[in-house]
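Have a look below at one chain only, the form predicted alone, in C-alpha cells format.
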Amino acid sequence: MDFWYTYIVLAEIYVLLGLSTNLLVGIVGIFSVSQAAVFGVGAYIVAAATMNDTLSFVPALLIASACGLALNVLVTLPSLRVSGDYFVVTSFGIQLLATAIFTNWTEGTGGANGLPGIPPPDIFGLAVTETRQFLVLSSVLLSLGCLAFWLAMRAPYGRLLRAIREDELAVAAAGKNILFAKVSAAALAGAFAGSAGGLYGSFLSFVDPSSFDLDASILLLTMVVVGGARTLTGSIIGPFVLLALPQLLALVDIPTTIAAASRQLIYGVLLIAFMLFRPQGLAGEKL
C-alpha cells in the first residue's frame, strides 16, 4: 500500500509542477526550460530551513513559494526582451547556471552529494511521518493549486493570457498591459514550482542536483505535452501517466544485461506514439 501512496504523492507534486509549466508554456506561450531550477530552489530552501531548525515546515514552505515567485519574475523580466528561439536559449542558460550552483555550492546545497536527513513536515505541532499522512497534505496543497489555476483561467485574466498567446500584437493594440500579464503569470508559475519543491524535499528526506537539472525540465515539458497543454485536466493526467510508465515497464520480463537500455527504448517509442496518434495530448489542445 505504501508503494501506491508514494506514487500518488510524487504524482501530485509533479502535477503542481505541471500547472506551473503549463501556465507558461501552454497558456501564455512562454517556452521555458528552466522550471526545474525554481523547483530546486524551493526544495533547498525548505531543506535548509527545517534541517537547521531555523523555521518549521509551514513558514519554510511559504518562503519557498515566495522565493519561487520572485525568482521566476526576475528571470522573466530580462528574458521578455527576447522571444521565440532566443527565449528558449535564455531559459536554457538559466537552467544550466542553476544546476551549476546546486552542484558546486557545497555549503548551501551539499554539492553533488545533496542534503540528506531532511525532517518530516510539522503542521502546527503534528508531525507528518507516514506516507498516507503526507498524501493528505499533498492532496490539500494540490487542490488549492488546481483551484487557483481554474479560477485564473475562468477569469478575464485567463482569457487575456490566452489572447496573448494567439496574437500578442492584437492584444497590445487593444491597450492591454502585456508585460504585466506575462510577469504575473510567471509569478504564479513560480509560486507553484517553489511549493512543489518544498513538498518534494520534505517527502523524500533528501535532495540533490540530479532532481533539478535540464532533464527534469524536459520531463516537465513532456508531462504537459502528453497530458495536454492549456487544460487543467492535462496538467493532472500527464504526471500520473509518465510516472506510471517506468513502473509498468519494470514489470516486463527483460534480461538484466539489456534491461535498462530496452526500457529506455520502449519508453521513447511510447512517447513518440503519443505524439503521432494524440498530438493534442490525452486531454488537451495542440501546442
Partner chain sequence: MSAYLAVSGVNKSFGGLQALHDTNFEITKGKITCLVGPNGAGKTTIFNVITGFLPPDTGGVTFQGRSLDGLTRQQIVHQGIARTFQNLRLFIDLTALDNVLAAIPGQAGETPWGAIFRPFHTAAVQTRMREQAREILDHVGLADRANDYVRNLSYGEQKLLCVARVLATGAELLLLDEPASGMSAGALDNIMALMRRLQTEGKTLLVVEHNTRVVQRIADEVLFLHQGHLMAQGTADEITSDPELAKIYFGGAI
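Since this is a predicted model, take the numbers as computed values, not measurements. Numbering follows the first chain given and starts at 1.
Keep in mind that the form predicted together with the partner chain is not shown, yet the notes after this line are about it.
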**OP:** Just give me the single entry in L204, V75, V171, L135 that has a non-hydrogen atom within 4.5 angstroms of the partner chain in the model of the complex.
**Re:** V171
**OP:** Decide if the three candidate residues P156, D167 and N177 all line the partner chain in the model of the complex, where lining means a heavy atom within 4.5 Å.
**Re:** yes
**OP:** Answer yes if any heavy atom of L160 is within 4.5 Å of a heavy atom of the partner chain in the model of the complex; otherwise answer no.
**Re:** yes
**OP:** Give a yes/no on whether L115 approaches the partner chain to within 4.5 Å in the model of the complex, heavy atoms considered.
**Re:** no
Original post:
Is there a heavy atom of A216 no more than 4.5 Å from a heavy atom of the partner chain in the model of the complex?
Top reply: no
Original post:
For I94, is any heavy atom within 4.5 Å of the partner chain in the model of the complex, or not?
Top reply: no
Original post:
Just one stretch in 148-156, 123-131, 206-214, 107-115 has heavy atoms within 4.5 Å of the partner chain in the model of the complex, so which one is it?
Top reply: 148-156
